[in-house]
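As structure tokens, one chain now follows by itself in the form predicted alone.
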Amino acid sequence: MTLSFGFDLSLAVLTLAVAGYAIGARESFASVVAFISYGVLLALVWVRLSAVDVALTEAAIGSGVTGALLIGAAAKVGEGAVDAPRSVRGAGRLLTALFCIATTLGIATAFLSLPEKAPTLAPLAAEHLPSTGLGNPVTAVLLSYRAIDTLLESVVLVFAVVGVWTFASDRDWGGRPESPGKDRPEQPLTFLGQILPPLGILVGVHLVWTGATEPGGAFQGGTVLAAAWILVMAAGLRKPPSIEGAWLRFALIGGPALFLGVGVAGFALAKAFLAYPEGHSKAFILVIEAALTFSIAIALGLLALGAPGRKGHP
């Protein structure tokens, strides 16, 4: 057994064990912590599979932002949670287990039924990669070959924020979301809120810029910017913004709107929706990525803040 194989085997066993604990944990907070740990381990798995872009996305969104949302949800649900009857909980667990088993068997059947040489478009995508002006094949696929998928993903975030805002009562509409920190945060948190955000901005911008040639992109960079913004508000250095601010709404929809505008302009410039003029693909994609980064950061930050209210605000 080689050292590399031993590490991969240990990583696989640990990932499955943590996933099992996340499902079976009795306390919601322990389950959320296990879920976050599972996301970090899964990011390592993607790194071992040489899928660094996917690993960055999993660590940033799958574990980081989603973990923060689940921690907030667990804290709020725990305040007034009512245990369901034992029979209902047992039936729910049984149905969940049966669904997971069926899904696993379906995936295994699909994998085992593949031909010896599975069909792939990878060689064709790599052949046309130079025409996009990009060195990162993942970015080329997401913003050139399958741009409609990326556009819909960015639009989904906008609808998710609107969905969260709808939980606010009518009298609270237009207010500010609740601050993620205490009224008087500890000094270490304030210190981190002053030191880390500038570094986070540099890392986020770097991930977006380098995404054209190396692993990175708008979703990874936007997540880092969102984390820096949330940290500033948690440290009490800035209050959450009012959702009725025009700049906030413009920033939220600006990226998807620009993306859609470029797609429509493709009819005139390249005779197809979401097509780029020959020789200018990279410039258009970088502009789209930059706009999406800010919209993604705003959307993720607002999702973490939750529904607006007027408590403690004029």
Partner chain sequence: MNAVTLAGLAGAALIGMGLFGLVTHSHILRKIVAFNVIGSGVFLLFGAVARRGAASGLNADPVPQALVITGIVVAFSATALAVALLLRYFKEVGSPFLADDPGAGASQPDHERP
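Numbering follows the first chain given and starts at 1. Just so it is clear, the model here is predicted, and its values are computed rather than measured. We call the rigid core the largest set of C-alpha positions that still match within 1.5 Å between the two forms.
Note that the form predicted together with its partner chain isn't included here; everything after this is about it.
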query: In the model of the complex, the residue from V40, A283, A51, A265 that sits within 4.5 Å of its partner chain by heavy atoms; finding: A51
query: Exercise: F219 in contact with its partner chain in the model of the complex, heavy atom 4.5 Å; finding: yes
query: Contact label in the model of the complex: S169 to its partner chain, heavy atom within 4.5 Å; finding: yes
query: In the model of the complex, A290 touching its partner chain (heavy atom, 4.5 Å); finding: no
query: 4.5 Å heavy atom contact, I201 to its partner chain in the model of the complex; finding: no
query: Members of 143-162 lying within 4.5 angstroms of its partner chain, judged by heavy atom, in the model of the complex; finding: R146, D149, E153, V156, L157, A160
query: S113: Cα shift of 2 Å or greater between the shown form and the other one (core-aligned); finding: yes
